[in-house]
Structure formats: structure tokens, C-alpha cells
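First comes one chain, alone, set out as C-alpha cells in the form predicted on its own.
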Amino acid sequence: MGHREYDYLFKIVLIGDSGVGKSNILSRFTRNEFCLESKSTIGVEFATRTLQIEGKTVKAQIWDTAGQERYRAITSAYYRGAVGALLVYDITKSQTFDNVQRWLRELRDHADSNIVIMMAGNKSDLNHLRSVQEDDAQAFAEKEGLSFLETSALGSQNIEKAFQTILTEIYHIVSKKALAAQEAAATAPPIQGTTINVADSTEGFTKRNCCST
């Protein structure tokens, strides 16, 4: 039996400034690991995890990239085929939140226009160092039409929920599209084909002996 082990494969990209915790969010979600002395990601890496969404088996392929400017050349390939994005900032560094606008612009330039975007304020465990208020972030998310959660890759808070939310929303879009396509196919008239018989086309060229003397 050539049975696939999943029903859907969804590519999700992690974006945001360097150092906001994207790699730890990835390792927490896919391997349930957190590394305190994490190195900067060079280039691109991805990891996968399979989970159940409304009775379907969904394989999430999560891509992580370095937030540094010098890796910008990878953008279009990085976003190709992505159906979801987790846009991460660090609640203790207001600059990373200010840059969210720039990341959104990049997403809207390079990614599919229907991409599902969630903004995550990471490092919620460092509440005593907070410089971005949750209310401000929530207001921004509403204005931009994004989902929003505060997360902690260290403490595991809302990491699962963030991806579940994105994947569920993507699944709803995809299943709606599939349903619409099925309905369109069911109501469409059968396609009328025109048969062209190649042999007939020479008939017009038969010589007629009509030379009157």
C-alpha cells in the first residue's frame, strides 16, 4: 500500500529580527528542546512535525532563517510555497517590535497574498524586562489583521497553540477551496469536445477536372 503518512503538508516560515528566539521556537515545537546558548542561524534550516488538525494528519514543515540583513538574498526562495508565517519579536526589545512592520512588508512583497500570519511576542517568561506592552501589540495585530499570542520558547507557553492556530486556519482555507472546487465540478456542464477528424481536411483539395475547351 502506497499510503502517505499525512493528508496535508504545510510550509510555515519563521521571520523576525535576529535573536528574538525563532530557532528556539522551532526546536521547542518540533523536538521539545530549548538551547540556552543558541548560536545564530546561518542561512536556512527547517524541521517538521506531524500533528492532527480536525481529524486530518497535517505535516508542518517549519523554516527558520537568520534575521540578519546579509542573508536577505534568500527571501524569494524562502517564501516560495509558504502558506503560513510566524512573525516573532522579543517583548524585552522594543526595536524588534518596531521592525515587525518591515517584516510584514517583506512578507507581503514576497509571499502568497493568502498567507496566514501570526505575530508572536516571544520571551514572555522575561516579564520583568518587558518593553513592549501586550495591549499595544494586540492593537497592532488587530489593525493589521494578524493573529497574536505571547509565547515563551523557554517555558513552552503558547508555542503549541501558536502553530495549532496557524495550521488550523490554513486547513480551513484549504478545505474551503477544495470544497468550492468540488461544488464547481459538480455543477459544471460536461465539457463538449469538438472532434476534428484529420483525414477529412484533404477533401477540399481534390482536383476537379473541369477544364472546358
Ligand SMILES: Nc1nc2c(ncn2[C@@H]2O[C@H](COP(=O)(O)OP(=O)(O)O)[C@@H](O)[C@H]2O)c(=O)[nH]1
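Source: prediction; values computed, not measured. Sequential numbering from 1, following the sequence displayed.
Just so you know, the form predicted in complex with this ligand exists too; it's not on screen, but the next bit is about it.
- Of the stretches 76-84, 96-104, 135-143, 121-129, only 121-129 has residues with a heavy atom within 4.5 Å of this ligand in the model of the complex.
- A residue is said to contact a partner when one of its heavy atoms sits within 4.5 Å of a partner heavy atom; residue 154 meets this definition for this ligand in the model of the complex.
- When this ligand is considered in the model of the complex, residue 35 lines it closely, a heavy atom lying within 4.5 Å.
- The closest non-hydrogen atom of residue 20 lies within 4.5 Å of this ligand in the model of the complex.
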